[in-house]
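First, one chain by itself: the form predicted alone, in structure tokens.
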């Protein structure tokens, strides 16, 4: 059986709805919102994104090559290749270094080409999934206590410092940001007069229907009124493309009436499932335990690779599946395409943008 799947499909109207919301936040609060290329990197869509929000966040020259149309570029990575770091700085409006060793090695030279900052790890106590909780990763940013004490004792070491970078949240609503800003206000107020920007990282659910946008605007305005010299920057990542597209697959075989093999693989097209252990939503099905209810049709969805663990998840469908049926995974734009591989010789999935007719 020959199919035209699998492919990722972006709905341009849904993407623009997200961008309009983010643009509203920018205009009302004067904060900058940047799209992180590591979460979604399709060139055609990046052009659309760059027209609506302040810019792009990149981590290396490969990602920077996709950000040519961005009005503002921020760069950060836990490590910049020493042969590339100067070129990255020259292409960046601002840049965050990850450690004091990197700061000592590069800050003098890089500070001539870009506005330079340091990522700080405040090790906040937040209830978040372990796989994306930066507070538990000692290598992501300079320990807050170490930085503050060293700044007091060695101020000349930081004469090129213009910004601070905090990425501590993962899938948080407004409460997480309130906690972070309160912490910054309490512990860094004496540093505020000496810097120009604070990057508040990602993990903000700005485009969730439940996010309190007006509360966000008031919070940011209040912080900016206290520190008018500080430009606030966000990198909400997945929030930019949330719920804007799907992943379309086809049933290629059915085993024992309960196992549906799809023309995909979590190892090739949906690697984020293997990392997060979260099965995606499937159109026309629920992620409940396999049920024997007569009105449900239970299937285990698997990939077509040779690895035994290529299992997407267990679902109850509202009707029986047949070979050739489409299985559509919802909300698959963020962190899926960027992680594709060619494991087991499986081709990477295509990408399509659609504009629904009125």
Ligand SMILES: Cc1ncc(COP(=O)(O)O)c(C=O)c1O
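Positions refer to the first chain, counted from 1. Everything numeric in this text was worked out from a predicted model, so none of it was measured.
There is another form of this protein, the form predicted in complex with the ligand, and it is not shown here; the text below is about that form.
- Although the partner is absent from this view, residue 32 stays clear of the ligand in the predicted bound form, with no non-hydrogen atom inside 4.5 angstroms.
- Using a 4.5 angstroms limit between non-hydrogen atoms, residue 238 touches the ligand in the predicted bound form.
- Put simply, residue 167 is close to the ligand in the predicted bound form: some heavy atom of it is within 4.5 Å.
- At a distance threshold of 4.5 angstroms between non-hydrogen atoms, residue 117 is out of contact with the ligand in the predicted bound form.
- Screening 273-281, 81-89, 195-203, 253-261 for residues having heavy atoms within 4.5 Å of the ligand in the predicted bound form returns a single hit, 195-203.
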